[in-house]
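To begin, one chain is listed below as structure tokens, in the form predicted alone.
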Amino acid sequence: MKTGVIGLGAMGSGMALNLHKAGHLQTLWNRTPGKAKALAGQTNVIPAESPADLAAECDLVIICVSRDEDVLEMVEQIALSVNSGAIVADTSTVSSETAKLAAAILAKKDVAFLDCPVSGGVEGAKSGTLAMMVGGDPETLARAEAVLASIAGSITLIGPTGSGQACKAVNQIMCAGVNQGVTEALAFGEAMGLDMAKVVDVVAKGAAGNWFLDHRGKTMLADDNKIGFKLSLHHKDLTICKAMAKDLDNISLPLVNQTLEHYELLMDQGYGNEDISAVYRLKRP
């Protein structure tokens, strides 16, 4: 399938390169043209002039942008020229309601929509090993799966449209909890005067081992929070989770509220573009 990528940030650029390696990338577009030109230089793929131009060339359009309003703006532009029978797959993290609205807009053009947010960070985007959680029609996923497999190591159909985003909300809440637990524990260990490099190594091999500790434990101890998932974006995601919870009975998210407070403190201090492990700044001795 001729595939185009809209949104070439840290995640989208990794996806585009893996699609190119697999022979699927037809064209690409980014709001900031410099990123599209840089990737064009690496792939010899000609950037599209607009999202509408990209859609006209492609059987599958992959969106990877930051916010709900960005997704809907791209979908509206795609709808101007997309071919009947095409598929749009949104890998952004947005609300379930936004996914359903995007699907409704595209259905008027006889275009299928998959909400398929991903987890695995920048490293996963670069290596093509992302975990993809999909909402949509099984037959649509079957048509697109071979292409999506070049950017994701696992692809799981969760349910109908919106289900992928609901699953990603579960993932983002869990990431907040892991972040809080790991940063608090390491701060305790450092206050105890332990050799923290050894602590990270041994704890990672036991019951408390986890991806975040493996990939961020030693970097946060070194006050190196450049790589990874931007704190400001996780703040946006958790705000979506909090809004979704308002529609549910007897569901409270105290850990989400605490994490939002921590993120807001750090954003006010200018750390919004750092990895979420920057929470350690608030806890270390």
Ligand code: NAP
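Counting begins at 1, following the sequence as shown. Every value quoted in this text rests on a predicted model; they were computed, and no experiment measured them.
Another form, the form predicted together with this ligand, is not on view; read the next lines as being about it.
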- Query: Okay, which stretch from 92-100, 181-189, 150-158, 106-114 lines this ligand in the predicted bound form, with non-hydrogen atoms inside 4.5 Å?
  - Reply: 92-100
- Message: My question is simply whether A204 lines the interface with this ligand in the predicted bound form - judged by any non-hydrogen atom within 4.5 Å.
- Response: no
- Is L60 close to this ligand in the predicted bound form, meaning a heavy atom pair under 4.5 Å apart or at it? no
- Message: How about T239 - does it come within 4.5 Å of this ligand in the predicted bound form, if we only consider non-hydrogen atoms?
- Response: no
- Message: Does any part of L233 reach within 4.5 Å of this ligand in the predicted bound form? Heavy atoms only, please.
- Response: yes
- Note on the structure: Checked C64, A55, L28, M220 for heavy atoms within 4.5 Å of this ligand in the predicted bound form; positive is C64
- Query: Quick one: of M196, V122, A166, A79, which gets a non-hydrogen atom within 4.5 angstroms of this ligand in the predicted bound form?
  - Reply: V122
- For 3-20: residues with a non-hydrogen atom within 4.5 angstroms of this ligand in the predicted bound form? G7, L8, G9, A10, M11, G12
